[in-house]
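One chain comes next, on its own, written as structure tokens: the form predicted alone.
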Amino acid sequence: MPSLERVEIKKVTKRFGGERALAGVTMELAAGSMCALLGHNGAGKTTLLGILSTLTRADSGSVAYRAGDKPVTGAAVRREIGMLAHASLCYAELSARENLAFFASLYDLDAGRATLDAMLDRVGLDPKARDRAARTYSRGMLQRLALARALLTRPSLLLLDEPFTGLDRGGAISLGGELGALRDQGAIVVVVTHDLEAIAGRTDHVAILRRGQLVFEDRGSYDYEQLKDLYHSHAN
């Protein structure tokens, strides 16, 4: 099955009751890029991630997933998507290894101990905690497990909603480096975050939403101070 090479978002609109979440958002995401999706709470960022993940349906507009010139649809698209949401989506009574083994079984993936430990090594989850129930984990540990789950299928579209929550500064910078490595390997990475320091110098696509509208978009690398200036200039 081909990996996704681009995602075309055209005039996407979404309302929840009388509240407008998105208003005609149009943009394109490309393989080998990391998009920082920025904006204040309520700007529409999480809603857009939900639509990109196929878990939320837009009221109007379209999202097209493509491998070359060929459209990718249905289950083939969902297999290409990894998502880290506000909720960890991990089972509290299962251990880290058991959580990953369960998700691996849904996709007919190798769930051998060595494979699972390699993934947990990749996200930095303490080996001593891997056989404990996830309900005993700190927020940062849950974030690491949730990231391992999101990466398990080797997605070509990775969607992350505040992935640095609960991580210490070293962990956040390390995760930022991991996301940069995934981009360099050809993935499409979309990061919703308020932690501009963790993504500074790594993102090459910045999009800012305000009240459901795309008010700024540019492709380029920005350092921390530049990201702060962009955010304050366009998000308010």
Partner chain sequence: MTVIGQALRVAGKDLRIELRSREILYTMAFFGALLAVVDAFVFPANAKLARAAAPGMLWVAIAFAGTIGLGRAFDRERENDTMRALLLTPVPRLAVFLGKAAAMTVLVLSVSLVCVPLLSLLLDVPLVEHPPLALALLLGAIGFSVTGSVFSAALLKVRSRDVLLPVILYPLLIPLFVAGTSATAALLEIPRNDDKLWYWIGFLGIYDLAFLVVSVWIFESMVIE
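Numbering follows the first chain given and starts at 1. Remember, it's a predicted structure, so these values are computed and weren't measured experimentally.
This protein has a second form, the form predicted together with its partner chain, left out of what is shown; the following refers to that one.
Visitor: Can all three of 81, 90 and 105 be found with a heavy atom no more than 4.5 Å from its partner chain in the predicted complex?
Guide: All three within 4.5 Å in the predicted complex.
Visitor: Is it the case that residue 129, even though its partner is missing from this view, gets within 4.5 Å of its partner chain in the predicted complex, heavy atoms only?
Guide: Residue 129 lies outside the contact set for its partner chain.
Visitor: Evaluate residue 144 for contact with its partner chain in the predicted complex, applying a 4.5 angstroms cut-off between non-hydrogen atoms, and reply yes or no.
Guide: So residue 144 does not count as contacting its partner chain.
Visitor: Do residue 118 and its partner chain come within 4.5 Å of each other in the predicted complex, heavy atoms counted?
Guide: Contact with its partner chain, no.
Visitor: Given that the partner is absent here, does residue 54 sit within 4.5 Å of its partner chain in the predicted complex, heavy atoms only?
Guide: Flag for residue 54 set to yes.
Visitor: Tell me which stretch of 54 to 62, 182 to 190, 37 to 45, 166 to 174 has a heavy atom within 4.5 angstroms of its partner chain in the predicted complex.
Guide: That would be 54 to 62.
Visitor: Considering only 160 to 193, what residues come within 4.5 Å of its partner chain in the predicted complex, judged by heavy atoms?
Guide: The stretch touches the partner through 161 alone.
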